[in-house]
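Below, in structure tokens: the form predicted alone, a single chain.
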């Protein structure tokens, strides 16, 4: 299906992009376009204007701080994360990006687009929550930061409000991380996924079981502790053609245990 007529702007700076998004109520930021363009073709969304961020080099870098913090620009593609020496300081970043869809999508899809679309089946929202990442948002009033666990508000809803842009994500240092999922086919959508970070206890973030990633914290990384945390979470996942709510609850426990075990095995 062809797109309906829409205004198009290609700003030269983040400040100009913010101004364009603020000036027009129906404007949407265009990153890799892997989700937004398809949604527009299906007439599920009809923005009045697209603000193309692809010309903004300030959103495309990956930096490694002296303390080991990895900072990823919102317009960095999955393939760039996979190939980045700086991102390898937190290896799970590239490992998870390598599992997203196929090469064509990884070459176009962006980290910022993935988290800002907040599709419950996406890989990166639970990963950023488990890693304790910080989201940097720029708007008309300047820049503010939001912890990843507070960034995701609902299906396709985040703390980046109208007229605001996610500009970068800061990921603290760490090595012992894991990610596990059950997907529809090799490169298909996740039915359930889980990301885990181990440091004494565990931070486990579950995807596909709620409108936002579900964060669980355990004092122990033993399998029994992880299973107990899942059972105490009272998960109420949706049912669909791919899985019933009961099956998703079962899979959530399975992938959470796998993700923590994977993280435990790393040094």
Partner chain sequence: MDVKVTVNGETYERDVEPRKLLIHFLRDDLDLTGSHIGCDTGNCGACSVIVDGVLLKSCMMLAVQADGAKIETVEGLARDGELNGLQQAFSDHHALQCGYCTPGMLMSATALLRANPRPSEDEIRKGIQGNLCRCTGYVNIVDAIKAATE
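Since this is a predicted model, take the numbers as computed values, not measurements. Numbering follows the first chain given and starts at 1.
This protein has a second form, the form predicted in complex with its partner chain, left out of what is shown; the following refers to that one.
Chemist: Could you tell me which stretch in 211-219, 51-59, 225-233, 198-206 has residues with non-hydrogen atoms within 4.5 Å of its partner chain in the predicted bound form?
Modeler: Partner-contacting stretch among the options: 51-59.
Chemist: State the residue from 19, 258, 249, 10 whose non-hydrogen atoms include one within 4.5 Å of its partner chain in the predicted bound form.
Modeler: Result of the distance check: 10.
Chemist: Mark residue 107 yes when one of its heavy atoms lies within 4.5 Å of a heavy atom of its partner chain in the predicted bound form, and no otherwise.
Modeler: Yes, contact at 4.5 Å.
Chemist: Does its partner chain come within 4.5 Å of any heavy atom of residue 34 in the predicted bound form?
Modeler: Taking the distances in the predicted bound form, the answer for residue 34 is yes, it comes within 4.5 Å of its partner chain.
Chemist: If you check in the predicted bound form, is residue 4 within 4.5 Å of its partner chain, heavy atoms only?
Modeler: The answer is yes: residue 4 has a heavy atom within 4.5 Å of its partner chain.
Chemist: Residue-level question: is residue 102 within 4.5 Å of its partner chain in the predicted bound form, judged on heavy atoms?
Modeler: Heavy-atom contact with its partner chain at 4.5 Å: present for residue 102.
Chemist: Can you tell me which bits of 168-190 touch its partner chain in the predicted bound form, meaning any heavy atom within 4.5 Å?
Modeler: 186, 187, in sequence order.
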